[in-house]
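There is one chain below, alone, in structure tokens, taken in the form predicted alone.
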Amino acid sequence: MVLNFQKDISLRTYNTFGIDVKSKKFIGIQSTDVLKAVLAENQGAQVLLLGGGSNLLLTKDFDGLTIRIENRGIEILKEDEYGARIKVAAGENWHDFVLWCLKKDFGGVENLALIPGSVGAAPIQNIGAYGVELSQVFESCEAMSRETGEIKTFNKTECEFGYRNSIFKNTLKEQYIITSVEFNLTKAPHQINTSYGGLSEKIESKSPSIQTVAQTVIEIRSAKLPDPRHIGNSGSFFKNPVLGSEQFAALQQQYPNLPHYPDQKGKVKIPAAWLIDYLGFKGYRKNDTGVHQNQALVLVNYGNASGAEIKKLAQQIKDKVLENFKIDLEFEVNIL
């Protein structure tokens, strides 16, 4: 098998921040056979895995092999009057998959419309938005061992999903490459989820359907979030912190208007955007690095910012939040 590696290639067009760093070697993968051959030939090499490049901040040139997952395909494995099980190749664009589901009238992912990235990256992050998480529609995924090239199937329990978290970010970090994902989706009549505040307010006057939910989500996200094609960004840079009841009560005494939402196990979720906005960072800009004017969670590259500059701003925000609120924000974006 002939493997077509490129050398010293810029990754600027392969990451949504638009950071111009180089990779020593680069290859796009369209099949699991090619992926297995690439891994076998590059045992021991540093590997950077790319899907849509939407959850990544590159801060320096990469002296290893970048593998971009580009396999395609959506297959209906099973369908009955209640729903369908769908298998999707990891290289498929996530939002395109959501649009495909809407056309087929398959429900479950409509709240996750317009999230950037690939299908294969979705379980790693357990992507979520507007009251829905990927784990709620997830059936299983196939993943290739980087060491052996063997394919293993992971069910929902084995993935150990948490808030923007999974086993692939923890004990199995950098050990597997997801090659496909299976979803359990519903058919009409759908159970529409409009529980999220901003969504329920906007959709009240509309006929509730998965299509109207998705369209409303797209409208909200488009108004709040910059399009990476025009302003480099990676969506939400920080996770929303989850506090214990005692810590929250103490914080609420000091900040009575602090927004909050109930979380699992009696804990309380705080919008990180509110904390960042309160400290005056919303709309902040220094040279080509900044915080978006409409959404304080989003750090942006206005043109030629370096990854190191964006990382510095992220750390500055993290430090200020810790100093003022005694909350240690976690980065949602992976930093290389």
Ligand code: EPU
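Model, not experiment: these values are computed from the prediction. Residue indices: 1-based, along the sequence shown.
We do not show the form predicted in complex with the named molecule, though everything after this point is about it.
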{"item": "Interface membership of G149, the named molecule in the predicted complex, 4.5 Å heavy atom rule", "value": "no"}
{"item": "Close approach of I67 to the named molecule in the predicted complex, 4.5 Å, heavy atom", "value": "no"}
{"item": "P271, heavy atom within 4.5 angstroms of the named molecule in the predicted complex", "value": "yes"}
{"item": "Contact label in the predicted complex: S118 to the named molecule, heavy atom within 4.5 Å", "value": "no"}
{"item": "Which of 227-235, 245-253, 96-104, 167-175 lines the interface with the named molecule in the predicted complex (heavy atom within 4.5 Å)", "value": "227-235"}
{"item": "A129, A214, V88, I203 - the one with a heavy atom within 4.5 Å of the named molecule in the predicted complex", "value": "A129"}
{"item": "Contact residue in the predicted complex, chosen from P259, G266, P208, P189 - any heavy atom within 4.5 Å of the named molecule", "value": "P259"}
{"item": "Residues in 288-304 with any heavy atom within 4.5 Å of the named molecule in the predicted complex", "value": "N294, Q295, A296, L297"}
